[in-house]
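To begin, one chain is listed below as structure tokens, in the form predicted alone.
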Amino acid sequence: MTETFAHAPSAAPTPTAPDAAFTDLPWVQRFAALGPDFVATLSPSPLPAPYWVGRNNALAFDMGLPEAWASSDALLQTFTGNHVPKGTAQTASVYSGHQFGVWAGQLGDGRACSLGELAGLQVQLKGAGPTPFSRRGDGRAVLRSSIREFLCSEAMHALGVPTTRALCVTGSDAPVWREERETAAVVTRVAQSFVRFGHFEHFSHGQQHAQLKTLADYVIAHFYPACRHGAQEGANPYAALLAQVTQRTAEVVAHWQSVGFCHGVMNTDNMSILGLTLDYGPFQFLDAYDPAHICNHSDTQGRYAFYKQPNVAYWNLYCLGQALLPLIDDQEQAIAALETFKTHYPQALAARFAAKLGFAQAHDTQKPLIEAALKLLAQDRVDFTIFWRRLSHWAAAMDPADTSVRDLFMDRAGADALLTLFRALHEQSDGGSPASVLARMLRTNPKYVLRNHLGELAIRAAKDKDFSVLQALQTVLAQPFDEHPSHEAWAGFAPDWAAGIEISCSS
């Protein structure tokens, strides 16, 4: 396997005098210990004169970094790829996958350098230079996309959506060419694991069944131990793994649909084995509700349109099931595991929308209300986030004289019918007082999401070394259900110019 790896360009890291407090962090190497069939070693390519762009102090605290981490030059250099800390192992992992529904062959971490684990979280530098899997790419990330990933992964975490996290972004004035000249950046992202569906596809497609088993056993041992130890005697742990991944995937996609999140590039190599939202590229939160919305300018066929995300997830899971079949060795068991998506996803989605509508639990009687709401939102292209937030406040009194929700719609009669049905179902339910319904809705329907134009404001300011917008957005998005009256404008309708923002796979 290792003989097929191309050699990545390398350069000696820029010398630095590490701060004494940061030289002995307790790095752990679990994935890298699987060996050269799974990872290739590399040397990050230094960037000149790095500077801090954004930092996540709450996550740093959870990871056990010292309080003064943000003033450490050693960590600035480390998280830019300019310094190699003691205990780390600079590696990139190999995987394959289906991209836009087509087998793409060997892929791998083309610009992600893994350092190891801290506090049970694997740490990756995204944009630290070429790896053996860069496929003639430069291995860099640009400031624009790094800011978007930094903000969105933490915004998703605050919404309760399973996701990778972002510790920091560093920048450099070194030029990077995409559609135009941009500047380089490195985002340090963390997760329990970055193992993807594509890792399993890689070894299965290459008929490397020993490595496939090693990988599956690693994932089960560290992340799904119940698949082996909690299973019934004689049960197949790999079929149990597939069932668990299927259910987690169903849950995360249901969560996406409930907050109006478009992933944009749901290739199998961008699907997390832990059910995390992985790889923030051409993502978008919906403004006007359009089920057929395509957020990725590169997706010319609309494969990853918003309403298609559940079916794409199901298709991707079938690819994973095919990859695991040599271990499951029973097609019926594999299909049975995958078929759980057809029941788990609707249940997860119903539970999400029941909470958005203020009900304590999902019930079949709510289905006509959910369908009517989504149909009317799509018909009048109503802003998704604003509708749900206004409905939350309207629910406090359910007063027909309050037109705040009705005013969002051109179809006033349709809006009136929707609110009448909403009121009737709550009168019939045992969901508690109007105050409890309001509280339930306000902690489910965010006031703030990372709309494209908000990210663009942060990016434009950061290009001039002004990170104040990014910091303010970071603070607001960390508590998206709170009011933040000083930033009320960020909860309003997207400006007209936002429609001209194009997000593609170029990052």
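Start at 1 with the first residue shown and count on from there. Owing to the predicted nature of the structure, the values given are computational and were not obtained by experimental measurement.
Below: the form predicted together with adenosine monophosphate, not depicted.
Checklist entry - Can all three of Glu251, Gln361 and His363 be found with a heavy atom no more than 4.5 Å from adenosine monophosphate in the predicted complex? => result Judged in the predicted complex, none of Glu251, Gln361 and His363 sits within 4.5 Å of adenosine monophosphate.
Checklist entry - So which of 286-294, 343-351, 388-396, 266-274 is the stretch with heavy atoms within 4.5 Å of adenosine monophosphate in the predicted complex? => result Result for this chain: 266-274.
Item to check | Proximity of Asn236 to adenosine monophosphate in the predicted complex, heavy atoms at 4.5 Å | outcome: No, Asn236 is distant from the partner.
Checklist entry - Using 4.5 Å between non-hydrogen atoms, is Ser134 touching adenosine monophosphate in the predicted complex? => result Close contact exists here: in the predicted complex, Ser134 approaches adenosine monophosphate to within 4.5 Å, heavy atoms only.
Next on the checklist: Just checking whether Gly110 would be counted as a contact of adenosine monophosphate in the predicted complex - the rule being heavy atoms within 4.5 angstroms.
Outcome noted: Contact check for Gly110: yes, within 4.5 Å of adenosine monophosphate in the predicted complex.
Checklist entry - Might Arg178 be said to contact adenosine monophosphate in the predicted complex, defining contact as any heavy atom within 4.5 Å? => result Looking in the predicted complex, residue contacts with adenosine monophosphate include Arg178, since a heavy atom lies within 4.5 Å.
Checklist entry - Which residue among Gly139, Gly81, Gly97, Gly171 has a heavy atom within 4.5 angstroms of adenosine monophosphate in the predicted complex? => result Result of the distance check: Gly139.
Next on the checklist: If you apply a 4.5 angstroms heavy atom cut-off, which residues in 277-307 are near adenosine monophosphate in the predicted complex?
Outcome noted: Counting only heavy atoms within 4.5 Å of adenosine monophosphate in the predicted complex, the single contacting residue of 277-307 is Asp279.
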